[in-house]
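As a starting point, one isolated chain is supplied in structure tokens, in the form predicted alone.
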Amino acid sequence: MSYVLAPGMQLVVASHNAGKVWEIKQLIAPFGLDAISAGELDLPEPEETETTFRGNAALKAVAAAKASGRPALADDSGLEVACLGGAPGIYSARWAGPQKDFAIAMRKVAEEVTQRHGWAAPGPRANFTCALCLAWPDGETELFEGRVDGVLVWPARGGQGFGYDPMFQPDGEDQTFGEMEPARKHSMSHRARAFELFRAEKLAGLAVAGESSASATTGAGAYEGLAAAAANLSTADELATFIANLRGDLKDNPDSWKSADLDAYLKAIGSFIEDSPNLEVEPRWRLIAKALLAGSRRA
């Protein structure tokens, strides 16, 4: 049996990753679909025990659908480096350590390649793969897979995106995903290609209400995007881009800022530091970003 999606439906995004949740929300919003994350529903994260992207995507989607009683969308994605036998692959996030610090993960990839093979231009071949799974509460699943090929660069370049984006340069481009404007990256990324297959199969009959970019730059949408970036950035370049975007938010959405002057802004940052436990485990760039963002919205 093939189930049908309809406007007004709420999908569970089977992820606790703020960046991934925000990106999927932007993709489905124009079709009249809403999304709530597994984290917002306090759903546990299942252990990823499968050996493929498709297997882990299905595992996560089915777990979220059964636990919530709603359709769930999950992806499993990662970087595969040819000369490393496809590593880090399904372990891409684990290479970033318990704090998901992708500065560490990118350095590890570069060191592994250099130690085993050296590093010669134009860089080792690599690809990003994304498996997207739609699951229903009865356990039925539908799978869609996208891939983008390219080479790795080192040192990493750019402050856009997240994860391994700053060290991946897709074929035919002279910029890394970390250097590209988000719209450019999203037009060719592995997740976008998987979503295009999902859209053609499951959303073809739904009217497009408008471009998601509008909601992403104003009001609550702007805050969600900034919060997703703050939760995922791992490098100084990404922090610099975040600060520029935060300044842009002040210009575009001044009424959303609760801190009307510098004194109030610093007070809000201080309150965030005082109220947040275990800050010492946060990667330093991410901690700075979260504090700056808290100052913008915290009363």
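Since the structure is predicted, the reported quantities are computational estimates derived from the model, not experimental observations. Residue numbers run from 1 along the displayed sequence.
From this point on, the text means the form predicted in complex with a small molecule, which you will not see here.
Enquirer: Using a 4.5 Å heavy atom cut-off, which of 164 to 172, 133 to 141, 197 to 205, 109 to 117 contacts the small molecule in the predicted bound form?
Expert: Result of the contact check: 164 to 172.
Enquirer: Is K20 part of the interface with the small molecule in the predicted bound form - any heavy atom within 4.5 Å?
Expert: Output for K20 is yes: heavy atoms within 4.5 Å of the small molecule.
Enquirer: Quick check on R191: any heavy atom within 4.5 Å of the small molecule in the predicted bound form?
Expert: Yes - in the predicted bound form, heavy atoms of R191 and the small molecule come within 4.5 Å of each other.
Enquirer: Taking the shortest heavy atom distance, is N127 within 4.5 Å of the small molecule in the predicted bound form?
Expert: N127: no contact with the small molecule in the predicted bound form.
Enquirer: Is there any non-hydrogen atom of I104 lying within 4.5 Å of the small molecule in the predicted bound form?
Expert: Flag for I104 set to no.
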